[in-house]
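Single chain ahead, by itself, as C-alpha cells, in the form predicted alone.
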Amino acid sequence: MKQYASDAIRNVALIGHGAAGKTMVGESMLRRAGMINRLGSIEEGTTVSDYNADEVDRQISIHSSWLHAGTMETKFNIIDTPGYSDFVGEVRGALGVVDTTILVVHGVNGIEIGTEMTWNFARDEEKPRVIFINMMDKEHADFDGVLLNLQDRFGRQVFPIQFPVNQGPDFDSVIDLVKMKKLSYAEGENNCVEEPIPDALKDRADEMHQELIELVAESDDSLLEKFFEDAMTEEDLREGLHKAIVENTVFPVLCGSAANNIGTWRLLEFIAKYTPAPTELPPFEGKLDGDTVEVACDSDEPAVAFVFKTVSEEHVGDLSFLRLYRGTIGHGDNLVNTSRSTKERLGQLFVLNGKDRTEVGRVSAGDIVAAVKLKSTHTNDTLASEDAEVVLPKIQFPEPVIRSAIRTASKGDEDKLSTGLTTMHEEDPTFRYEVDPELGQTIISGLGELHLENVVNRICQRFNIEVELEEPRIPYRETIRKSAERQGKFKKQSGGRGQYGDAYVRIEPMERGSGFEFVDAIVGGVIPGKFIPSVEKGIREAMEEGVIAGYKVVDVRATVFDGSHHSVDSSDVAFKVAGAMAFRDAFKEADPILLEPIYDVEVTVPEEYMGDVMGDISGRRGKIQGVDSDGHFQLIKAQIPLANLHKYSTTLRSITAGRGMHRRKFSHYDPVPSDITQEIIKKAQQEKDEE
C-alpha cells in the first residue's frame, strides 16, 4: 500500500453499545471502499473484524480490530471496538490514538448504557464525535425518537445532517442536509446516487438545512456575522461545519443500514471531508529529560510513535500496533524504546484488515501501522528516534471489577502458567495478576467474568496447559478491642546449654489503619537491650501468622515492660519465642475480632432495574450511600464487603438484562459480624487440622 501524506489520513474508532452494529458498519465501509468483494455476516462468522474463534462462537466483538481503506485519495484507519462492558479496555486503547469517534447507535433501541459510557469516554478524551444511527431498515426503527433522545442527553449540538426516507423494511435512501440531495442506495450498487429531494420532503429539508446553518454559524463569530447579514454561503457552511466538528461544538448525525450497505459511502465521504486530519489537531504532549515538550504531526521531524495494542496469536503472529505521532518510519529503522531504555530495530511493517496483512514500506506522521516481533516493546510504550527520546503519556485503562484465583490442574505447569499470565497482561493491561503469599493463591482480575474466561481460554490454548479457577480467599485482618497483658516464658533444658527467655507484653488497640507500634518499656535491665529486638521480631512473626483465624494482625500497640533473663541460657531465639507466646496469649484475652475489606461500589443501571439492584446490594450486606441521576440512568453508590462481591458483575448483568455495569475500589476495613466471624474461625481451624 502506498505512503499517504499526513493530511490525507483519517483515524477513527467505531464505538457504542454492543449489538448496535459497529462491526457491520466497518464491514460496509470496507465494501463501499472496494477493499472486500462482499459483505460478511456476524451470524456466519465471516466479517473481517471478528475473526477470532471466540468472537465467531459468541457473535460479539471481544478485541478491537484495525481496518484500513484507501479511497477518495484518503487513507482511513478504522478501529472497530467491542461494545460489551467486559472489554471496555479495548475502547480505551483505541480512543487513545484515534482522532475522531463514530458513535454507532441502534435505530430501534436508541441510547443504551454502552452508548452513554463510550460517549463519555470520547468526551473525556475531547475527541470529535460523529453519530451514525444504524439499522434504519428494522421494522420499529425510529430516527426522530432516537435523535430526540440523543439531543436530550448530549445537547442540541447533536444535529442531523441526514434523515431517512422510508425507514423500516423498505428503507433505501436518505435526505442529506449538506448536499441538499436525496442519496439513494440501489441494491447491488457500490456507491450512492444523488437525486433531487422529492417535493413531499422539500419543506422539511429546507427547514432543517436552515437550522443547521444557524447552529454552525453560532460556533464561529465571523460566520454568525455573515448569518445575520444573510451573506453566509454554502461554502461557508461546509468550512464552518468542518471547524465546528474539529472543535467539538457540533456533533453531526448520519443514518443508514450497514447490513444492507446503505449510508456508509456517505459516512466515508463525510469523514474524509469534515473530520480532522492528524495535522489539524493540537500538538501532543510528551516528556523529554523530565520537561514537557510538544509533539506536532510533522513528517520532517524525528520519529515518535506509541504502542497502543499488542497481539500475539497463532494466525496473526506477534504484532505491535503503533500510532506514529511524528516523523516517518520504515523497515530497518533503529528506534529507542524510551519507556524501557532499550533499542529496537523495525522489521516488516503492515497495515491490516482484521487478520489479513499487507506490507508497507514507510508511513508518515499521523498514520497507524503494525510492526512484527519487537523484542522488548509492549502496550503503552513509546518508540522514538535516537536523537529525540520523547516519552508519551500512557493510556489510562479502567480498573478491574472482578477477581478469581487460578491454579494449574497438573503439577509442573506452574512456569507455563506464569509465562501465560505475563504474556496476557502485556497484551491486555486491563487483565492483571498477582501471586499473593498471604492468601497462598495466584489472583487474576479483569473487567468481567467473560473477560477472565476469554483470557484463561487463550492461556490454555496457547501454552497447552489446564487450569482451574476457584473463589479467591478474602484478606481478612485480626485486631483487638481492649487491652491485655500476659507473660511469655520459654524455658528448655535438655543437657548442655539450655534456652531461657521471659517477657511480659501489654497490647492495646490503636486507631483503624494505624498498623503496628512496638514500645520498649524495660527498666533496670531485666531484659538486656540486645534481646529486645528479638522480642519484637517474635511479636511481628506472630502478627503475620495471625492468632484466632490465621490472618494478619493490625492496629495494635505492643509494649514489653518486664521479664527476666539467664546469664548463660538466654538467647535471641528464646526471647523471640517468649515474645510471640506473650503476644498470642494476650491477644486472645483482648476481645479479638476479624476485620474485612469493604469496597466502594458504583452501579449504573436503567431506572427500571434500580429496585432489584438495591435489593441485591442489601442481600450482600451492602450499605447504600446514595443515588444520583446520570441522564437516563441511575448511579447507585454503596459499600459492600469484598466477601460478597464474588461474581457480582455476572449477577448484575443478569438482573439488568445486560444493561447494568459497575466499578469498585477498596475503601477500608470494618469488623466482621460475630456470627460470620465464628464461621470463619471454624473453617480456618478445620483447614489447619487437615494440613
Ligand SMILES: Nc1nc2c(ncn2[C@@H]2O[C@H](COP(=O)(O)OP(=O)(O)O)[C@@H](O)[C@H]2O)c(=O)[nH]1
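Quick note: we count residues from 1 along the sequence shown, nothing fancier. Everything numeric here is computed off the predicted structure, so don't read it as measured data.
Below, we turn to the form predicted in complex with the ligand, even though it does not appear here.
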{"property": "The single option of Ser173, Ser257, Thr382, Thr275 touching the ligand in the predicted complex, heavy atom within 4.5 Å", "result": "Ser257"}
{"property": "In the predicted complex, the residue from Ile9, Val12, Met24, Val672 that sits within 4.5 Å of the ligand by heavy atoms", "result": "Met24"}
{"property": "Close approach of Ser61 to the ligand in the predicted complex, 4.5 Å, heavy atom", "result": "yes"}
{"property": "In the predicted complex, Met135 touching the ligand (heavy atom, 4.5 Å)", "result": "yes"}
{"property": "4.5 angstroms heavy atom contact with the ligand in the predicted complex for Ile36", "result": "no"}
{"property": "Exercise: Ala19 in contact with the ligand in the predicted complex, heavy atom 4.5 Å", "result": "yes"}
{"property": "Which of 65-73, 41-49, 624-632, 644-652 lines the interface with the ligand in the predicted complex (heavy atom within 4.5 Å)", "result": "41-49"}
